[in-house]
Structure formats: C-alpha cells, structure tokens
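One chain comes next, on its own, written as structure tokens: the form predicted on its own.
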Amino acid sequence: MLAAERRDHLLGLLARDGKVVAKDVAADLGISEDSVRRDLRDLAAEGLVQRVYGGALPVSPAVVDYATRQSVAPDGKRAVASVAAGLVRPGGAVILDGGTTALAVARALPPDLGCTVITHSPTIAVALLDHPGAEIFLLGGRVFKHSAVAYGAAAVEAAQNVSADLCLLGVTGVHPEAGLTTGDAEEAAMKRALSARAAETYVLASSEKIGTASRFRVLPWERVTGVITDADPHDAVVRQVQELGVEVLTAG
C-alpha cells in the first residue's frame, strides 16, 4: 500500500471509528507500527489528527484563531448558550470562561437578570455592558490573543481570590478517553483555576467538539458536573460520557 493510500485509510478509520490504534492498523495492513506512527506524525503536522499514546484521535476544529472560530457552528453555539444561560440563577455568581461559545452565553443572559459575572475575557465584559442587572468582575493578566482572554500567573492569582456558584467552561475537545482538552498549556491551567473556584462546572461543548481532542488536558471527568451540547443524544461519544457519570444537558 502506497503512503497516500495509507493516509487515506487512516483518515477513513478516524472518521468511522473516532480513533486510530496504531498496533491494530499495523496488524491489519501487515506493516510495522513504526510506519503507522510515521504516517500519523505526518498527518498531525498537517493538523489533520491529534496524536495520543498508541494512536490518534480526531483533531478539534476549535483551535483556529478567535475571529475564524466565530463562524464555526454558530447555531450550535447559540443552542448551547441558551441552555447554559438558564443555569445562571437570580442573585447568583457565575464564572464565565472566554471563547466564542461563552460570548454567546453572555449575549443570551436576560438583560434584567441580577447576577455577578466573573470573567477573564474583556470581550465578554464588553458584551455585558448593556446588561443592567449584571455586575461584571473582570480578572486581569497577560492577554492570550488567540482566545481573547487573560491568562498567566497574574490571572491565575486573581482567580484564586474569587468564588462562584457556577463555572461555565469552554474547551476545544471532548473525548471519553482523552478527556476535556484545549490547545494551549497556560490556557488549560487558567481554566483549571477558574473551575476550582466554583461549586459546579458545566462544559460548553457544541457538537463539532464532541469526539475530538487537543494537546493539553483541562480537567479530569470527576471534576465536571456536566456537559452542555447540541450533539445527538444517541451519539456514541455522548453515551460514553454519560457512562462516566457525567450529566449531559441536550441543547437544541
């Protein structure tokens, strides 16, 4: 089998099964695991797969720049945002992560809802300026332009001095084995710091993130209250997440 044919075969397996196990592919094709791993390295270099121990997973489309992400699955993000906004109670405090789905949550909050919104996203703070009922608490630090959020040591320290009833957390990948992931290590650390300051954490996961993975893990499943997604509730990945004891709220 030529390299191009192996590449197509690997991408086909990924689309069909949601993962590639290198040793199984090697056995099926009668080639060495080194050859499979080399093919996966090449595909990963092109941004087509996310390599993990023993093989590869689908790469998340949510790792592109902030401006581009705004055009990715806007209807799904609005559906997820509508459900998430309904979790914010009058008089409550919510930690709202950055990103395009979190921005949709800010826009979905009723203008007259009296609540405190704690965020490290200047974009979200600006979006809430016309919400008279929302008190805005903005955490500062070094700005990560890719996601339009503050992160780093100063932002993590600021997060450690707040607390909330609820954290609405964005990720780029949701996978039962790889867990909840994102594309930057410091951003992942910031997300952990935010989640640690809330009584409950719900993950905002529009359907294009389900079954995909990025390089850095954000949280283990046991630290998550639930996942809000517009993915088909009968989707195999959604069912596997539920089997882990995680609540799944269906949007849309």
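Under this definition, the rigid core comprises the largest set of C-alpha atoms superposing within 1.5 Å between the forms. In case it trips you up, residue 1 is the first one in the sequence shown, and so on. Small disclaimer: the values here were computed from a predicted structure and weren't measured.
The protein also exists as the form predicted in complex with the DNA; that form is not presented, and the subsequent description refers to it.
When the DNA is considered in the model of the complex, residue 38 lines it closely, a heavy atom lying within 4.5 Å. Although the partner is absent here, residue 31 is a contact residue: one of its heavy atoms lies within 4.5 angstroms of the DNA in the model of the complex.
Shown alone here, residue 54 lies within 4.5 Å of the DNA in the model of the complex, counting heavy atoms only.
Remark: residue 23 counts among the residues lining the DNA in the model of the complex, judged by a heavy atom distance of 4.5 Å or less. Here the chain stands by itself, but in the model of the complex one stretch of 221-229, 189-197, 44-52, 208-216, 44-52, has heavy atoms within 4.5 Å of the DNA. Comparing the forms between the shown form and the other one, the C-alpha position of residue 223 differs by less than 2 angstroms, with the core used for superposition. Residue 192 is not among the residues whose C-alpha shifts by 2 Å or more between the shown form and the other one once the rigid core is aligned; its shift stays under 2 Å. With the core held fixed, residue 235 shows a CA shift below 2 Å between the shown form and the other one.
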